[in-house]
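Starting off, we have a lone chain in the form predicted alone, written out as structure tokens.
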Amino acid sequence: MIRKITIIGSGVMGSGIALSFARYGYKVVLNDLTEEYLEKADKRIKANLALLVDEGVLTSSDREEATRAITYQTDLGEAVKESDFIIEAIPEVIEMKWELYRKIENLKKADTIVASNTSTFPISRLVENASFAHQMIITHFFNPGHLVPLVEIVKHEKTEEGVVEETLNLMRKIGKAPILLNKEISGFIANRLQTALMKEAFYLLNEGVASAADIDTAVTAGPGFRWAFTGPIEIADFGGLDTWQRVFENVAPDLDQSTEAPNFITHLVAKNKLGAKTGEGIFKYEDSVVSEKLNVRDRYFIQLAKVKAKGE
């Protein structure tokens, strides 16, 4: 039985994952290299809990219990000691991940499941230098990790079936919607779908078909609105496969066929205009605006989750 969860890496994803477990009563240890990183994570988690209380998802008592459920630890050995399930959410540098696995192999319990939140590396790469490949699995959460239901589960051919089932059950217990990939593929599922959409969006922007704001609205007020409740495969069924056959035949030849990053993005990156984190990307941002937009976004996510829960 899984009781203690260790999250290694306290950034935006790590802290969100920690909160996901803590609000459902699991004992969570959040580990990072410095006290400074952990203090930032603590503030982030408390702010997210306050928002959940404000939106009526949690009570004040729930918030206090979730806060008490999380401890912060810079000592890796203490963090993974007696842990039943470890999730690493460290930077996407394969050498760093290999080094971490090497360190924890003699610190963890023999039967501890080790998961990675990677969105970049296939599990066959992750397990290359791990002595516990049979206990490794990918649990790919999505930002914000405490609100988005999807978790992509990717197993290796050496991963024990018991590990897979226990991981799927654990995700369901914390209110997630886990999906299991039957084969290893770059980008997994959600990021492949997102990349296809993003590529076409930037093609339309580059071609001057519409403004950036209007292209965003085309998604949020159109497909994105219904995708929250009906996926693309079922949409095709409801729309009629004969209709979608004609859509593909008529539209697909005109879609962007490039295999490189959009020029629009490449040119802005070269100028260090990286988006919200540098104050300018496609749009311009002020710090106060970014915080407010993220707050509004999270409130919408919470409200959407409530609606979906009522329909299930």
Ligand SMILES: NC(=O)c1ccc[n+]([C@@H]2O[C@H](COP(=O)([O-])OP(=O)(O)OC[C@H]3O[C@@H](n4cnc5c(N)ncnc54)[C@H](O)[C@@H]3O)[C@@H](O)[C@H]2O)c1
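Since the structure is predicted, the reported quantities are computational estimates derived from the model, not experimental observations. Start at 1 and count along the sequence shown; that's the residue number.
The same protein also has a form predicted in complex with this ligand, omitted here; what follows describes it.
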| item | value |
| --- | --- |
| Single option in E105, E160, E200, E92 placed near this ligand in the predicted bound form, where near means a heavy atom within 4.5 Å | E92 |
| All of F21, N48 and L294 with a heavy atom within 4.5 Å of this ligand in the predicted bound form | no |
| Segment that reaches this ligand in the predicted bound form - one of 49-57, 270-278, 253-261, 33-41, heavy atoms within 4.5 Å | 33-41 |
| Contact label in the predicted bound form: H156 to this ligand, heavy atom within 4.5 Å | no |
| Contact label in the predicted bound form: H140 to this ligand, heavy atom within 4.5 Å | yes |
| 4.5 angstroms heavy atom contact with this ligand in the predicted bound form for K97 | yes |
| 4.5 Å heavy atom contact, T118 and this ligand in the predicted bound form | yes |
| Stretch 5-19: residues contacting this ligand in the predicted bound form, 4.5 Å heavy atom cut-off | I8, G9, S10, G11, V12, M13, G14 |
